[in-house]
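The chain that follows stands alone, in the form predicted on its own, written as structure tokens.
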């Protein structure tokens, strides 16, 4: 059965996209968090080193003979050496009077024992400037010395570049791992739904029992609804089956009774025109009875085709029983039924449907065979299981072989013969339900052949 349901975005793909999107955002946040933290740590390290260098220079400052002297300790500059050979700039002021160094270097006004940190552009490079001051007290003099020390940030930039690269690798690895986990998590989650789907798919047509296996709590409403639906469907199908059986009984019995009364009345009618009317009535009753019966048979077969009751059947015994029951009818029409069958033809199928199919093929043969004709029935197990019915009638119209099994379709040569156009349809539906086919053909010497291949 084709489905007209429209589909939206896959639930699994939607979950994957949400999880991967979240992983990407987290990876970016992780990258920037690591980089910012590394920048702060690296900058703090550089500030501490420059601050220590400035302190050592201020500690070497002194007043001698009223003159401020500053001797740069060797360690004050050696501690600033880096692998990138960063440049170092300094400036020394005494009470806002420039004494030595780079006069254009920005220097902050700071109180004694205070330190100022800032980043500025100097001579085309970005430098980190640390300014500190110290008050010197001489014999009769008190003065403030300020020292500014600056260092380019090539080493810091190189360190941050390396940290950023490592952080990017770490973030990408985190994203890749999160993506794999997303696929695993969604597959595991959707797997529960797939297992439920497979469980429904593997069930036979008759299995309408409720699901009892544990399911995730989120799927409980769905499973509960499915169980409720199957319960209602099972009840409805049982009602339909009971209705078909009851309808078949209630329709056939009154018609058979009416036919019996009509035949009895026919025997007591003397006038030919009345007898002719009674014969037409009997014929109409026969047509109605057969049509109603086959309509109900077709409804029953349509129902059971979706709910096959498979059981071990001996097709040879099944056909033999039908032939024995139909022999009285055949003898009334001066027809001979001959059964050719293997000793046993075991098959696993629905016995009621198979019996209906063969009975309809035999009914057709009985209707269209001329008096003193012969109807041959063959049941074979090899090379394939097949039931063939041959008659000695006119055969099937060649131009209609492909359409005769259509519902209510009757051949051009069926005029004047009681029928509903459902016999071959029933046989074909039964064959298809058993994954087989109905094949119609004509014998070379005359007569029709209907083959039920299973």
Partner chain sequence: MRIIVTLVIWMLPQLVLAQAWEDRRVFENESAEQTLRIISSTDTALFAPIIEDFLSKNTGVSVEYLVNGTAKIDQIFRADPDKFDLLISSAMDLQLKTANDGLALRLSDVAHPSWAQWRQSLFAFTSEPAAIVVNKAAFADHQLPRSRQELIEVLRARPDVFRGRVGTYDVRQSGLGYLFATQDARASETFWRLMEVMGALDIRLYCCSGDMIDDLSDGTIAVAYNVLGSYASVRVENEDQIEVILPSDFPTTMMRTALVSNDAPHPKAATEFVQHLIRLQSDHPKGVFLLPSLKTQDSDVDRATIPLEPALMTFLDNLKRRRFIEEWENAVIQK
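Numbering follows the first chain given and starts at 1. Just so you know, these numbers come straight off a predicted model, no measurement behind them.
Absent from the display: the form predicted together with its partner chain. The rest refers to it.
Any non-hydrogen atom of residue 171 within 4.5 angstroms of its partner chain in the model of the complex = No - in the model of the complex, heavy atoms of residue 171 and its partner chain never come within 4.5 Å of each other.
Can any non-hydrogen atom of residue 121 be found within 4.5 angstroms of its partner chain in the model of the complex?
-> Heavy-atom contact with its partner chain at 4.5 Å: absent for residue 121.
Are any of the heavy atoms in residue 371 no more than 4.5 Å from a heavy atom of its partner chain in the model of the complex?
-> Because no heavy atom of residue 371 falls inside 4.5 Å of its partner chain in the model of the complex, the answer is no.
Determine whether any heavy atom of residue 99 comes within 4.5 Å of a heavy atom of its partner chain in the model of the complex, and answer yes or no.
-> Yes, contact at 4.5 Å.
Among 345, 326, 366, 92, which has any heavy atom within 4.5 Å of its partner chain in the model of the complex?
-> Selected residue: 92.
Among the candidate residues 191, 73, 138, 210, which is the single one with a non-hydrogen atom no more than 4.5 Å from its partner chain in the model of the complex?
-> In short, 73.
Among 160 to 168, 193 to 201, 82 to 90, 178 to 186, mark the stretch whose residues have heavy atoms within 4.5 Å of its partner chain in the model of the complex.
-> Of the options given, it is 82 to 90.
4.5 Å heavy atom contact with its partner chain in the model of the complex for all of 14, 30 and 32 | Heavy-atom distance to its partner chain in the model of the complex: none of the three under 4.5 Å.
Scan 425 to 445 and write down, in order along the chain, each residue with a heavy atom lying within 4.5 Å of its partner chain in the model of the complex.
-> Heavy-atom contacts within 4.5 Å come from no residue here.
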